[in-house]
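There is one chain below, alone, in structure tokens, taken in the form predicted alone.
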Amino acid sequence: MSDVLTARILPNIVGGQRVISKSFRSMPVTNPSTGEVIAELPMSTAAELDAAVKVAGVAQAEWAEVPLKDRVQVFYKMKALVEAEKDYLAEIVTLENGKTHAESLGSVLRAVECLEFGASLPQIATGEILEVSKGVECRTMRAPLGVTGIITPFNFPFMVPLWMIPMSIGLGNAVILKPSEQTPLSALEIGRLLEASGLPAGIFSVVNGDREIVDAMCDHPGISAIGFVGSTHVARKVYERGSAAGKRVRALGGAKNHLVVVPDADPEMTAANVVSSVTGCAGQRCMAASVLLAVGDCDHILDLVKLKMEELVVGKDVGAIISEAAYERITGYLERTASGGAMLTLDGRKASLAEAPSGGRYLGASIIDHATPDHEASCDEIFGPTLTIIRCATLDEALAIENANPYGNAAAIYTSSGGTAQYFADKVSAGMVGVNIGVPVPREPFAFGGWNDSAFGGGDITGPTAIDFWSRTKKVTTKWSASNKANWMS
């Protein structure tokens, strides 16, 4: 265990050392469940990032010489450590993010799968070899990029960094992580665990900060690639700025995920799954259900969805909202529901807070029904435990609404018909599709990522295809025998 719970001023990690930023700017880190200030986080400067990049570059040059099979031993060891400390690490996530303990624990265990996948790199990041002509061989080799940057959001502070860290480090790179300034504790725990697992100093760094560090990472000539997860607004800017500086950038943005319910859907399974998708992590995840497209007569299912939402206990089943600003943004949509012609049939502001800790920012589940496709609640990413319902006459109408929205992260259908499910999967414009599952997050070895305005840049940052993003291919052509017949390659 670490002393992160008692730290008053949170440090960066540079060269294996805990370094307090000399910045004059800082911000409080708050426990969303209680409103309590738990630490102070200095906002690092571009000069401090530059110092970290230089240290990382020196360490990476040596790390690149370590064979792949030896590099990934770190992840075998870290997996065991995370499993042994899973409840403590979940406590850290809950402390800084406000999730329920079960949600935090689930995210930690999902991170374990990412470590397992990183440990498997020697089996999947192999090169190719072929005799392309008499006495002539061509083969490919994986080469690291150098120093890479990772920028992560507040909603999964332990899991999302570990989507990318094992891939980048395993392939021979150094990583500089800029975590969300709202949830920096998990990043420091990741650093501790990597060090305890034998990772050399300098290969993993944490540089805390805000926009200044994000911009500096995009501009810095010593950073070769950036993996970003956050809002679409920022994702687009990171992609444009980083790409303009000649970097590889894969930036995952926001979403407006649609769940389509048809009359033949199983009522109990559908209702339970929809509610879980809407309210899990208090709706603060890019994979959360946002809009339900009810095709035909689905009132029997919608009534059950509402009933199950009403039964949720705030503080026990629904965690805290990350900040006061986020709370005000979410409730603003509820206040403006009627102005767009929709109906607020379940108001989370009226939910009982008897089971929630005092001082926190909590909100019950809400339903905005009879919305039109152009209602603001139908179009904007609310990022809270709120479900917007649009009534549709046909499946094709529902598909048209889904495909017209600018995002393309995830979409799901609830049906008992295999033909209907296949038709939907073929026609929908989304990178991740669910059938009777409202949070269709691919599990390893499948890559995570959406389409359209939900993702910018080429390649993936998770899964087997991420190998190409986090490394570069070297092609070697060899001829050993001068006695072989001459050809055009001689």
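If you're wondering where the values come from, they're calculated on a predicted model, not measured in any experiment. Quick note: we count residues from 1 along the sequence shown, nothing fancier.
Here the subject shifts to the form predicted together with nicotinamide-adenine-dinucleotide, a form of this protein not shown in this document.
Whether F424 contacts nicotinamide-adenine-dinucleotide in the model of the complex should be assessed with a 4.5 Å heavy atom distance threshold; does it? No.
Considering non-hydrogen atoms and a 4.5 Å limit, does nicotinamide-adenine-dinucleotide approach T279 in the model of the complex? No, T279 sits far enough from nicotinamide-adenine-dinucleotide in the model of the complex that none of its heavy atoms falls within 4.5 Å.
Looking in the model of the complex, any heavy atom of A174 within 4.5 Å of nicotinamide-adenine-dinucleotide? The answer is no: A174 has no heavy atom within 4.5 Å of nicotinamide-adenine-dinucleotide.
Wondering, does N97 line up within 4.5 Å of nicotinamide-adenine-dinucleotide in the model of the complex on heavy atoms? No, no contact at 4.5 Å.
For the chain shown here without its partner, which stretch in 100-108, 298-306, 144-152, 335-343 has non-hydrogen atoms within 4.5 angstroms of nicotinamide-adenine-dinucleotide in the model of the complex? Residues of 144-152 come within 4.5 Å of the partner.
I need to confirm a contact call. Of D317, D347, E195, E381, which residue comes within 4.5 Å of nicotinamide-adenine-dinucleotide in the model of the complex, counting heavy atoms only? Answer to the contact question: E381.
Would you mind picking the one in V74, I223, L115, V229 that has a heavy atom within 4.5 Å of nicotinamide-adenine-dinucleotide in the model of the complex? Selected residue: V229.
Contact test, all of R248, R443 and F456, partner nicotinamide-adenine-dinucleotide in the model of the complex, heavy atom 4.5 Å: Judged in the model of the complex, none of R248, R443 and F456 sits within 4.5 Å of nicotinamide-adenine-dinucleotide.
Hey, which residues along 248-264 are within 4.5 angstroms of nicotinamide-adenine-dinucleotide in the model of the complex, non-hydrogen atoms only? Going through 248-264 in order - heavy atoms within 4.5 Å of nicotinamide-adenine-dinucleotide in the model of the complex - the hits are L252, G253, G254, A255.
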